[in-house]
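Both blocks below hold the same protein chain, though in two forms, and each is given as structure tokens: structure 1 and structure 2.
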Structure 1
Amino acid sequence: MTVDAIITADVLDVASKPTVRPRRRQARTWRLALSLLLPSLLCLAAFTYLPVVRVVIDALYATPHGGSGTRFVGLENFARVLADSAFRTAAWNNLLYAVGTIFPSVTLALAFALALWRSTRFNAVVRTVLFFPSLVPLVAAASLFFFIFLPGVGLLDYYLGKLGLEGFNWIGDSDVALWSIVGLTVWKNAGYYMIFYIAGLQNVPRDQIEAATVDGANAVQRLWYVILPALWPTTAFVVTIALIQVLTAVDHVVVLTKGGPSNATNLLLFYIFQEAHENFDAGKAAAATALSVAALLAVSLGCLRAMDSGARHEA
């Protein structure tokens, strides 16, 4: 055997040996990763995915009134929900509630973050004060605002009377009650969203702000053309969280108004609660839940896609 043949054989032997070991090592790594993730995956499936499947299945069945057992009805429950005027009222109230809470909350959060993004002792104290409402449980906040909204003797009417103004029946008037709930929600969430904007402002390129300043851009122009585009992923993330909270938070409605007066504050989740626990119509409640979650999922995916496109644009 020639020297070239020996060298070639050795090279081929060395090159062929590592191909087996990395594959075995990679397979071992995957098995280890799956074994570590298995408990979390099981909990996720048990408490997230299986309930979703159960809701979809329940939406296809109905329980006869006064009877036992269930019968398959297909999409009848969805048709009943869509034909229910109470559901349409709750959906419209939820839309107004979303618009009335998300835009003011996000705008205030951005304004607070822009005013307090520099790290000073005074700003730290003000951040803590603004963030504190988000730490208060929603039931406790609703109980507090119940005394604030009391007509005639509540704190709000008291201070309005000092100014010579007359208050409203804040939670008893069908034209005002929903906006009272909106005010409570904005008070509670604006400081929470501010934290995300403060974190997002730390990633705004300082060289772009300085370049815009050198070019003669004023504060409003720097905000509109430099800071807000850089905060677009943060805004999409905050709006997604706000949408989830708008659809899943109902404790304040239960404490303050119980959906009234005249269904003026009846939101989707409270409607689902009424159908399931007051009207004992589990199929209809499951169908309303499936419709609500589908709408929330569609809007959330749109926000996340916008966040992803904004991140790619910044990159």
Structure 2
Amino acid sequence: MTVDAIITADVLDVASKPTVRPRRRQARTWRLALSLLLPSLLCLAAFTYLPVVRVVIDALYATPHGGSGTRFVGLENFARVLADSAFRTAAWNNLLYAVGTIFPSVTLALAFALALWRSTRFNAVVRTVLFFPSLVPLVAAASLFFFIFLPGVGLLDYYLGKLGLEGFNWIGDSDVALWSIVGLTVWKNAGYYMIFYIAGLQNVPRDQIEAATVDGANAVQRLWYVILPALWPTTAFVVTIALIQVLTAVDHVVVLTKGGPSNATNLLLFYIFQEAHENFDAGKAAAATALSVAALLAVSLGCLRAMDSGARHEA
């Protein structure tokens, strides 16, 4: 599918009157469109395009820490980033983190929504409890989880101990730390995504479900053949926001681990952050930013396109 899939081609120009000649009509539409987009475009220009241009330029120059002036180096910064094992670790961690967070939190969100979409008093309470984590700032949540993850005396180990189990050094063991961060993120986000699924479920056509039931479809079949396809646009939406979140929200890494131990929880944004602000390597940070943004752009465009085609099928 191409761009045409995203911009639905069958749009009519409703605002215009048939008496106006096409040429002038076109010019008028163009002016109207531009003035509608202008407020957004100005803001984007200042806070998105300008920084991007700066990043791309920075990525092509070396600004040696303490050296005099900058010097054009072409793609050297990109080569240095790709050669940096910490960058490769961060990219790999981010992939694990993305898959490890998005899949369980979206699945749980769907399961919660299916279990709770009827509005009873009990369900209302449970929904509220599940949604609460998204009301806590990530910085604060991370500080609370600091205690939860404390080896020996923390909440997790305390109750695991009561069950006769031994916990881990949750954020201090390089094999476990990333998964602890994943756990925190799933806890924080699953209830948030659930809200969108509950809303989406209100739109699943009841008659189709009933028809399927009459035809002898069991619960799993109903879910698979009727409910899930109807929820497809919601899923695309949820996956898109989840994707943005896993790449752009790293407060918990900053608070809990600073990417450690031994880079085991280093994620791309935090890596960029370190290169820019701890290591004074603007060129490398810029190159890493450019690479991650390009990757992210490709993935999320895919998601949005899926979302769009879903919407078109429905319409």
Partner chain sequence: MHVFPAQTINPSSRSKRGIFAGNGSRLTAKRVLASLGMTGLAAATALVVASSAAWAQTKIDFFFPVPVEGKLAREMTRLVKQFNDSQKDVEVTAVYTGSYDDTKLKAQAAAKAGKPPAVVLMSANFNVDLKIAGDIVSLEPMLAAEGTTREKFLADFWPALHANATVDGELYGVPFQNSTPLLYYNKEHFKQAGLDPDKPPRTWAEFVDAAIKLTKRDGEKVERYGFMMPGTYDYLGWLMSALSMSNGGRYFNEDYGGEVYYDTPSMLGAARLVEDMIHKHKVMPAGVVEAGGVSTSFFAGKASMVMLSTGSLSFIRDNMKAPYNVAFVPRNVRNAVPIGGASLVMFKGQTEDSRRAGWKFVRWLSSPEILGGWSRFTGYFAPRRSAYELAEMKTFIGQHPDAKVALDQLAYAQPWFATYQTVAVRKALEDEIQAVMNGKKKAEQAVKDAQRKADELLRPYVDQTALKLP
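Just so we're on the same page, rigid core means the largest C-alpha set that superposes within 1.5 Å between forms. What you are looking at is a predicted structure, and each value in this text was computed from that prediction instead of being measured. Counting starts at 1 with the first residue of structure 1 and goes up one by one along its sequence.
Remark: the form predicted in complex with the partner chain is the source of structure 2; structure 1 originates elsewhere.
In this overlay on the rigid core, Lys162 has a C-alpha that sits less than 2 Å away from its partner position between the two structures. Residue displacement note: Ser85 has its CA displaced by under 2 Å between the two structures (rigid core superposed).
If you overlay the core, the Cα of Ser119 moves by 2.4 Å between the two structures. Relative to the superposed core, Leu37 moves its CA by 4.9 Å between the two structures.
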